[in-house]
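A single chain, nothing else alongside it, follows as structure tokens in the form predicted alone.
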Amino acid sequence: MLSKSQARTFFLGGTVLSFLVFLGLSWHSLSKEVPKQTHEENLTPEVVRGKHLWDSNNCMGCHTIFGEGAYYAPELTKVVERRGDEYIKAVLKSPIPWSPRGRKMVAYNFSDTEVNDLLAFLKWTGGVDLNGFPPKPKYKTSINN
């Protein structure tokens, strides 16, 4: 059984040690892992302008990206991989509200430059290493599978 002073020392020592381990792991993640996984070298001015368009038009109000945002509309982290450039350009340039499956997307009628910037941003998000997120669906190829 520990005395009060021993218990206090044990508690404070464990707290300080845990805090130092937390700081060390945070430093390692932020200085080594995050830049390697996000591919900061691919952050072009187009990607940055696309992110500003994403924010200023409140795309996260309906869509998710990296698992964050609303769940009204599709997850867009790897949308370029799933749908392709031309499909995304057509949706973003549409002058009328687009409504697949009963959900209506606002008609932003973006310019060609804005569409290319948003597409660059979506391509960059698709290139970020998210350790397997979002998972790829497993489709059955035949009835017997």
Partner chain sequence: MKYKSQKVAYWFFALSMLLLSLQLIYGFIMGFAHIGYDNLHDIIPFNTARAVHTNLLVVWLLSGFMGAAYYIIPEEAENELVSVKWAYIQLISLAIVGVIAIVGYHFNYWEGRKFLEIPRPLDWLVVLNVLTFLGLILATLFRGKKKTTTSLVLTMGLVFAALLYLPGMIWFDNQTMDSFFRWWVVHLWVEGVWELIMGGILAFLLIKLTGVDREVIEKWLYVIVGLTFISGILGTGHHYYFIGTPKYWLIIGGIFSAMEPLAFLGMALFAVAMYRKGEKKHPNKIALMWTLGTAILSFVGAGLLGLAHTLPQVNLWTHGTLVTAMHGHLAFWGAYGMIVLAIISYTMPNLTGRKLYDSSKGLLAFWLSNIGMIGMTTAFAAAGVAQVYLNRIMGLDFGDSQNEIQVHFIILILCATLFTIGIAMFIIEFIKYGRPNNETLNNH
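Numbering follows the first chain given and starts at 1. In this text, the rigid core denotes the largest set of C-alpha atoms whose superposition between the two forms falls within 1.5 Å. Computed from a predicted structure; not experimentally measured.
The form predicted together with the partner chain exists for this protein as well; it is not shown, and the discussion that follows is about that form.
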**Prompt:** Any chance N57 has a heavy atom within 4.5 Å of the partner chain in the model of the complex?
**Reply:** yes
**Message:** Would you classify P95 as touching the partner chain in the model of the complex, given a 4.5 Å non-hydrogen atom cut-off?
**Reply:** no
**Item:** G84 within 4.5 Å of the partner chain in the model of the complex, heavy atoms
**Value:** no
**Request:** Give a yes/no on whether K78 approaches the partner chain to within 4.5 Å in the model of the complex, heavy atoms considered.
**Result:** no
**Prompt:** Going by heavy atoms, what in 86-113 lies within 4.5 angstroms of the partner chain in the model of the complex?
**Reply:** P97, R101, R103, K104, M105, V106, Y108
**Item:** C-alpha of Y87 off by 2 Å or more between this form and the one not shown on rigid core
**Value:** no
**Message:** Does F66 move appreciably between this form and the one not shown, meaning a CA displacement of 2 Å or more on the superposed rigid core?
**Reply:** no
**Prompt:** H28: CA shift of at least 2 Å between this form and the one not shown after core fit?
**Reply:** yes
